[in-house]
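A lone chain, given as structure tokens: the form predicted alone.
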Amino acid sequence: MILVTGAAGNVGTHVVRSLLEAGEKVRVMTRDPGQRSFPDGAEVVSGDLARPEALPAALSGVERAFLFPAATGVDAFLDAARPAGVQHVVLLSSSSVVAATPGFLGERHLRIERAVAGSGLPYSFVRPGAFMTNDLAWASQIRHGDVVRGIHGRAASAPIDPRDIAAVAVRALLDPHSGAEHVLTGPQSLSQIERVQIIAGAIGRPLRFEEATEEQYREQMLRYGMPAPVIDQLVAGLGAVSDGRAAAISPAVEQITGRPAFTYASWVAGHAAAFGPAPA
């Protein structure tokens, strides 16, 4: 039995589906089973990493687990996993942990990684960079106009499709190697301006990137629901690569899964409706 936490998230949904397709027994832990829909074949149990009393039942009979990096509850999960006989934990972490300056996000993920590594349980770390789904923050602007406003449009990154993150996590669950640490990126270095143009091609209308002030950008991200410390780190990160240098590319997705990583264009094609209807 494999337990999946964070199963309704961008990565967890694909982890559940892929494990079931591989013929694995999958248990999903969710705080409100009645409000979530999961694929047929998944066992759904009520639970929450922040509710330690629910963890022993959720972990009963579990051999391997996909662990979402929740802000609270990881220590309790690890304490319950040891006596339950869990043999391997795959943690969804972040590539920010290996940055010269990890920042708010990196420090948070480092604390969780250290807890997992210190638990005595065999583990793997999956460390993706920026998710392609982060660009859904542009959707409202694009649905209501032809301009995407942001800062440092020439700043490049190599965003990764959550399907690829899930594929690596599934390989780590099915063929576990304790101590493995996988840093993941997408297959292309793309500036924000280039990504906006790819979206424009997918939805069939012209778009342009317009530089905003840092204050305008911060207000925009706050409205989107991003915490202030994360915005601070994002602003600093974009500024650091605003000279247009190419982002580093990791070959890990293809090496581990045996297939090329999904391109940004393929992700956009699957999410074009989120950016608004194409012109009639």
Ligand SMILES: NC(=O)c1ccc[n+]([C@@H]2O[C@H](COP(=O)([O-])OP(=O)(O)OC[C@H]3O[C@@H](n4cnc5c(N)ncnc54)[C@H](OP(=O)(O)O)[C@@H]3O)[C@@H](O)[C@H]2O)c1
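Counting begins at 1, following the sequence as shown. Since this is a predicted model, take the numbers as computed values, not measurements.
Just so it is clear, the following notes concern the form predicted in complex with the named molecule, a form of the same protein that is not shown.
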Which single stretch, out of 136-144, 166-174, 104-112, 187-195, brings residue heavy atoms within 4.5 Å of the named molecule in the model of the complex?
104-112
I'd like to know whether residue 50 contacts the named molecule in the model of the complex, with contact meaning heavy atoms within 4.5 angstroms.
yes
Taking the named molecule as it sits in the model of the complex, is residue 2 near enough to touch it, meaning that at least one heavy atom pair lies within 4.5 angstroms?
no
Residue 274 versus the named molecule, in the model of the complex: is there a non-hydrogen atom within 4.5 Å?
no
Look up in the model of the complex whether residue 70 has a non-hydrogen atom within 4.5 angstroms of the named molecule, and give yes or no.
yes
Using heavy atoms only and a 4.5 Å cut-off, decide whether all three of 10, 94 and 130 touch the named molecule in the model of the complex.
yes
Determine the residues of 218-242 with a heavy atom within 4.5 Å of the named molecule in the model of the complex and present them in sequence order; the list may be empty.
none
